[in-house]
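To begin, one chain is listed below as structure tokens, in the form predicted alone.
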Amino acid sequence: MTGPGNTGRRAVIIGGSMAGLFAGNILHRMGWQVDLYERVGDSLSARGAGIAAHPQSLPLLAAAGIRDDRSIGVPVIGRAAYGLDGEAIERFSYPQQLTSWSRVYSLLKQAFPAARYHAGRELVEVTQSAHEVTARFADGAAVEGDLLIGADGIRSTVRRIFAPDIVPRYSGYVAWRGLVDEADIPEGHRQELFQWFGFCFPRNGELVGYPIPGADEAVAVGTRRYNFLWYRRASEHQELRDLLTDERGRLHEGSIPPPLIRRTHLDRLRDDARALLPPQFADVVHQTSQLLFQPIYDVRSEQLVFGRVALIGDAAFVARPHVGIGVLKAGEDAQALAQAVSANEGVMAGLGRYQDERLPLGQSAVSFAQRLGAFLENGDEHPACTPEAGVTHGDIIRKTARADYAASLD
């Protein structure tokens, strides 16, 4: 594959999800020869759920060769927090679009040359010299490049090779997730739910919900879906292990396929929804046909560049979903890296510039997300639920609405 104005430079990208595809597409359009290697053999398009489409996302998609944003997401007029009776406590005007992970992934995947996307390739070793870097795979094959990009997610093999001490840190809570078709939501709740990005703060927890495109990325009224995340505490060595253990007693590492989650956990969640949530959110939980959960982790790197190797996306940093910038950060990492290594000073100088730019931003994002989730981690009531704390629901929804995560540290 050669891109416009071919530079003759070669990039090897490990990881075929969001960050890898952003990097692959942007570098290709800057004239690099790019090959992308994904460990998973099947499609990733069914993974993920709802994400925020920040204003900064559109220029990043354009840089990756995607210019048609007509159906990128579903608009909301702002953010609202609700009490147990279902009535709004606070509202905050914050127009934005919400979309689905699969929509953005599909656009990026379609833009990348299929012949250069290699699925089912597991990295086992990376070696490098002063002039090139070599990746070796489980099938015995090896490829060389001027640059290797680790975009292989939270359990990154590239990070484990070069920074084995940087491992995911469990936060102490999980996010239960679900999607419901608009038509399955009681009519009396639809207009409110599909106009606002909603928050509620049940005991020792937090739930957020918002509309996203429906099947085949439909955005017309009546065809959309509602996406929610319900954060609930789960101790690492008891409750989380129990959640990750299936009916046959097998403990799954890190995550469990949704169909294998035990019925007792699903029944308890639905019972708690009726007892703890506003009626509209309890209905959404009960209407969800396939509930799933993800343990919430932090990844905070102290270094992003190792010779001719660079980490981006979740391989570099994982900030808790409260800040809603996972995809945005992946795209920004990819663009910053591509611009730096394509500049006149050369690959090695560009890698140093990339680390100087993105390391403090990634660390800030992780710290800010930790602050937003501290009450969950510590098992406390949300500050907005305790008047003596001097924090209102309005403070919270304004804080979490800040799209520029670096500027959010005030």
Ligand SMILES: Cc1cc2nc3c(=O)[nH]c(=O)nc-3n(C[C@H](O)[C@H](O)[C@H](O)COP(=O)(O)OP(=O)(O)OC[C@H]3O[C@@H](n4cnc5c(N)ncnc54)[C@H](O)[C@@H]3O)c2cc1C
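A residue's number is simply how far along the shown sequence it sits, counting from 1. Everything numeric in this text was worked out from a predicted model, so none of it was measured.
This next part talks about the form predicted together with the named molecule, which is not shown.
Although the named molecule is omitted here, in the model of the complex none of Gly24, Ala111 and Gly362 has a heavy atom within 4.5 Å of it. The stretch that touches the named molecule in the model of the complex, counting heavy atoms within 4.5 Å, is 320-328, out of 320-328, 242-250, 265-273, 335-343. Of the residues given (Pro213, Gly145, Gly153, Gly209), Gly153 alone sits with a heavy atom within 4.5 Å of the named molecule in the model of the complex.
Checking Asp298, Glu122, Glu217, Asp181 for any heavy atom within 4.5 Å of the named molecule in the model of the complex turns up a single hit: Glu122. Among residues of the shown chain, Phe199 is not one whose heavy atoms approach the named molecule to within 4.5 Å in the model of the complex. Taking the partner from the other structure, the named molecule in the model of the complex has no heavy atom within 4.5 Å of any heavy atom of Gln96. A residue is said to contact a partner when one of its heavy atoms sits within 4.5 Å of a partner heavy atom; Asp314 meets this definition for the named molecule in the model of the complex.
With a 4.5 Å cutoff on heavy atoms, Phe375 does not count as touching the named molecule in the model of the complex; it lies far away. Residues Thr157, Ala175, Arg177 of 155-182 are found to place at least one heavy atom within 4.5 Å of the named molecule in the model of the complex.
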